[in-house]
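Consider the single chain below, provided in structure tokens and representing the form predicted on its own.
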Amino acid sequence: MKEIKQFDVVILGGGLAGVYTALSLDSSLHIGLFIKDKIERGSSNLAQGGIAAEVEWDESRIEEHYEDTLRAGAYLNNPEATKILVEEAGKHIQNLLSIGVHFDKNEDGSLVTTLEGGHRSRRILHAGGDDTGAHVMRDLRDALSKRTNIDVYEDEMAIEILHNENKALGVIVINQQNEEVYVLANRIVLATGGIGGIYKKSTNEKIACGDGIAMAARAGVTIKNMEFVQFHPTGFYVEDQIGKTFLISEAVRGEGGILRNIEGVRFMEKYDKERLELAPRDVVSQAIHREMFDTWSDHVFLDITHKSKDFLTKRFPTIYQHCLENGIDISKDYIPVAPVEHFLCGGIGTDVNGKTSMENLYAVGECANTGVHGANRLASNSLLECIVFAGRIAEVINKEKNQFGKIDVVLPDMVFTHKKYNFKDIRVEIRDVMSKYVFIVRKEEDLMLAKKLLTKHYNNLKKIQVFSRYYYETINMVTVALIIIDQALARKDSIGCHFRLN
């Protein structure tokens, strides 16, 4: 007997995009929030910098935020979506405050703001100094626990979208008992996060396997701009370390941090005389990559030693402590840094209300491509994108709730094997291939070789259908990797964080 659950709305993902969507939906709706791991894990909890937002309505400042976003995105942004992003920021920050989120404040009670790369004004709100994501998510989880209409399922992974004639009807889930559950809903929201798990080094958790994007691709949903993988310029460098990399926030450069090569020479003037260290991430990452090549090194340094220890411990308590635990006192020592995978600017194509190319299916957060990031994301616009477009999705769904009813669907006869195959070697090779051939600088022959190597794994994985989280993560990883490669091959010109040598 197949287990069937039914909800008004199903949301996949327990980060800011998913949780804020759930909290913004009408309390009369029965919502199922499915999270493949623990709700405390994920990229939202790791976000250090903050949320870029003009809280008070100031037309010139909002226009500046709009222009900064376009400039960082190499003007490939969707202008309408970008306008919405910056104009609706203030109301959603106010809503977060009303929900109970505690942003850092000055003594007079005003919100503290800071500067980051690509911004011309101090508009970044933060919480806990340099631990914004963890603080925001903790406060939202508190609010979530009080909502009786939201059922939260941790360690339950959605593996396929149930659909008929381009209409989404639900998802198939692997539950905690490793059983097959058919979850039906009137509306499905994908908020499954990014793709950092397909690279050897990333600021993301390894659980970021592009699951929602791969599920959508298998269902024939439009996937866009996947070649635009953003690499953060300043991942904390530890020799031979792989996996999740500790992030040295953009805000360190916003507070005056200077980049120096292995010889101690400041170099950003060679690459961007106007903005220097505060250039957008694509410019800074590519500059660091060139400096490492020219100096035969695998890292550079970030110098914030001109700031006092008192300032640094208050403004960057998390970064200060992490570096100290690794033998570096940032008030005296340079911080070793190198670019690492950080954020996907492409994803599941949506309109300005989060609607995908499939009826009843929405996407929000890093797995979505709303168009606001263009070819490169402006610092601290990611958390803002989550709340603005989650709010718009909820608004649309709330208006349509009276149309909801019981879902009638013929359940597919899925045939799975339950053998405990080991896919570790495949996962290792996916990460090796992507980190070697589909990194900051790309060549035609490298991309073609990467496609050949990974297509072999994809074809082998398709021959079997194993009912396990481990199998689906692996096939999702290779699916997403191949989409990135194909779209990188299709875009011949260098723009934003897609840099082609040939």
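We number the residues from 1 along the sequence you see. Keep in mind that what you see is a predicted model, and the values were worked out from it rather than measured.
Omitted here: the form predicted in complex with ligand SIN. The next part is about that form.
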{"query": "Candidate from A375, V183, L247, A89 lying within 4.5 Å of ligand SIN in the predicted bound form - any heavy atom", "finding": "L247"}
{"query": "Residue (of T356, S285, T370, S380) lying close to ligand SIN in the predicted bound form, criterion heavy atoms within 4.5 Å", "finding": "S380"}
{"query": "Contact test, all of E227, R442 and G496, partner ligand SIN in the predicted bound form, heavy atom 4.5 Å", "finding": "no"}
{"query": "Stretch from 412-420, 249-257, 264-272, 292-300 whose residues place a heavy atom within 4.5 Å of ligand SIN in the predicted bound form", "finding": "249-257"}
{"query": "Contact of G32 with ligand SIN in the predicted bound form (heavy atom, 4.5 Å)", "finding": "no"}
{"query": "4.5 angstroms heavy atom contact with ligand SIN in the predicted bound form for E277", "finding": "no"}
{"query": "Proximity of R392 to ligand SIN in the predicted bound form, heavy atoms at 4.5 Å", "finding": "no"}
{"query": "Residue contact check: R123 to ligand SIN in the predicted bound form, 4.5 Å heavy atom", "finding": "no"}
{"query": "Within 215-233, the residues that have a heavy atom no more than 4.5 Å from ligand SIN in the predicted bound form", "finding": "H232"}
